[in-house]
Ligand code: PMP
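For reference, the chain that follows is the form predicted alone, supplied as structure tokens.
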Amino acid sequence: MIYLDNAATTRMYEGAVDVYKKYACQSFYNMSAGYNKAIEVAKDIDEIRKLILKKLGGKGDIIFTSGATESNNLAIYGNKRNGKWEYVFSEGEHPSVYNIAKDLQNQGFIVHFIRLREDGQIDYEQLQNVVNERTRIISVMHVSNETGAINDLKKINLIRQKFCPKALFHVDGVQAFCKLDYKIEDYNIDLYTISSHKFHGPKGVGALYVKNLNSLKNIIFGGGQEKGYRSGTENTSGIMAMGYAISHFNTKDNYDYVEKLKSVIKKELSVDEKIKIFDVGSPYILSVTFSGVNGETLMRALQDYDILVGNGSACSTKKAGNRVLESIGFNLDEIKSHIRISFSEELTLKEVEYAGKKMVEVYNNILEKVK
């Protein structure tokens, strides 16, 4: 199986599975309990907090959650305030942010949606024009899950500091954490979302970095875990396995290797001028348009050769159209014929080369049938 949908999810490291099993079957204690075994587990969990902070390059707190969707909800709803506040999002956000924006709009708040440029980044000029002293939150993706476009967080922060210094800066870092080398302190980020299963950890666990806990209100009520900001018994096994994945993910080596993988498949696909490659940022994600063929048809046909690709965000594949690609300027035919190829360091160069050749072959076979 040649798996090329790593932006949707990644294979869990075997070592992470072992760690998960250890904390599920041996050190399984509830860290909120008062006895020594539970206190030891709590200390282990705190070490993962420190590990995440070190990897992010930030000073603040880590709140463990069930994943990116909950982290995004906590970051935004946990900072929602009554009054004449305004909220700023991009058109390229994941549904777990974009649908919050729509909900805030339905509640009567002023919500600004920043369009995307042709390169997939947000329109910084429009952002500068809409932010003001009433701006409560600016929320943008670090890396687009659809195109791999990398937003210029430094530029966004400079705009924030100049025009709305009191606004909070939230970044959905799901496709960036571990995969890119950066320090969030350089961008003065207030809230940053990560998701374990995007870097070979388990599903169902993630975290929210919070620079200043005093800005945050809880949105889940219960026993007061995670300093009262996220009630519910901590997913100890998931958190510890996520920590293993973070500590074993080699950011620089993986980045360099995945760049080679992308260049190999681009070389194979570029032999056919009907295939349009949209390469705008992260080496982990490549958007491709196979003119004249439905992307879903191609995706299903490639399964017969044990090649798995995606046709967009796994959280919105059942919905018609693609607002992210549309915002960039893709027309309806291009959106229909689009697939997303996303990489992992676990792929080999030969696998990717074969997949590229097979995509061209299968694409032209389909094209012949639909003529």
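Numbering starts at 1 and runs along the sequence shown. Just so it is clear, the model here is predicted, and its values are computed rather than measured.
The form predicted together with this ligand is left out here; the points below concern that form.
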>> I'd like to check something about K262: if you look in the predicted complex, is any of its heavy atoms closer than or equal to 4.5 Å to a heavy atom of this ligand?
In response: no
> Is G67 close to this ligand in the predicted complex, meaning a heavy atom pair under 4.5 Å apart or at it?
Replying inline: yes
>> Residue-level question: is S90 within 4.5 Å of this ligand in the predicted complex, judged on heavy atoms?
In response: no
> Within a 4.5 Å heavy atom cut-off, is S96 in contact with this ligand in the predicted complex?
Replying inline: yes
> Tell me which of 156 to 164, 209 to 217, 67 to 75, 286 to 294 has residues with heavy atoms within 4.5 angstroms of this ligand in the predicted complex?
Replying inline: 67 to 75
> Here the chain is shown alone; which of H170, H197, K179, R230 has a heavy atom within 4.5 Å of this ligand in the predicted complex?
Replying inline: H197
>> Please identify the residue among M141, I100, I189, I246 with any heavy atom within 4.5 Å of this ligand in the predicted complex.
In response: M141
>> Going through 168 to 186, which residues have a heavy atom within 4.5 Å of this ligand in the predicted complex? Please give them in sequence order.
In response: D172, V174, Q175
